[in-house]
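As structure tokens, one chain now follows by itself in the form predicted alone.
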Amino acid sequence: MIDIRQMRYFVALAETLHFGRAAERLRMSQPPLSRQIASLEAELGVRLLERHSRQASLTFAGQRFLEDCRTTIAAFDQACENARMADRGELGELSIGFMMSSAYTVLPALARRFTAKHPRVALRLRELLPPDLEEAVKSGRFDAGIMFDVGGVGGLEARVIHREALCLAAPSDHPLALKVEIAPEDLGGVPLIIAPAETTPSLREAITGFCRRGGFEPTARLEAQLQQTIVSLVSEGLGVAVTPSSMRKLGVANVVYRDLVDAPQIEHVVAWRPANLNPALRLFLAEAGAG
């Protein structure tokens, strides 16, 4: 059976047309090289070379075989390299789920750095609601997810990769828009547009904790799952909201943002299943500072 080693021998000989120089290139003695070429010809059932006293020349079949050998060897070498790269996580596919807020904070720069360093890894990104994202990572639909702190979801490991302060989003004509900074007591009796606790529990807890510093529990006028939707409702004059500061980037008309006194922070984490064997995941976690 013909093997890749014999093809390499033949290419060296075909490029030098001299058994001695080919053997020297291959770092072997001439007799074994001659035997390998003879065995190759016998296996093929064709003459690849015309032997002369000092030189050799390719037959027509040899010329054709040389072209195909070069193609086959290149493909074989690439297959070997691909296997090594895949094992290192430098070739393959990586699926990352993310919540909307991370698209305005940590995700763009992280994705840009990762794809620049690992261009042969196909990075698949998809936006989901935080509760759906947790389940998608747990079930293996995604290799990892970027979300608000999940508070120790069973079956997932998580590392903090970003922190951001909360702020107040208010209609531009709202009385609170006139303040430079918002204290907890300023929100007393002010109904909020807020995300449900089951959607973003850590964000809801941070907002609740801020209000409790003013001696009251937050009152929800409207509940919406997406922060972008919440800001849109604020712009329509339906109320105010305590949101991550990254929502300032939305640029929604008729909304002003005000800092909070000793503003609570919300943590973004990358979460993944410890049993995930995708080698590219290790590289992504390292790039995110979570490896």
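Here, rigid core means the biggest group of C-alpha atoms that superpose within 1.5 Å across both forms. Because the structure is predicted, anything quoted here is derived from the model rather than measured. All residue numbers refer to positions in the sequence shown, first residue = 1.
FYI, the form predicted together with the DNA isn't displayed, but the following is about it.
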Name the stretch: of 236 to 244, 26 to 34, 262 to 270, 62 to 70, exactly one has residues whose heavy atoms fall within 4.5 Å of the DNA in the model of the complex. 26 to 34
Close approach of residue 10 to the DNA in the model of the complex, 4.5 Å, heavy atom: no
Would residue 249 count as touching the DNA in the model of the complex under a 4.5 Å heavy atom rule? no
Could you tell me if residue 18 has a non-hydrogen atom within 4.5 Å of the DNA in the model of the complex? yes
Answer yes if the CA of residue 55 moves 2 Å or more between the shown form and the other one after aligning the rigid core, and no otherwise. yes
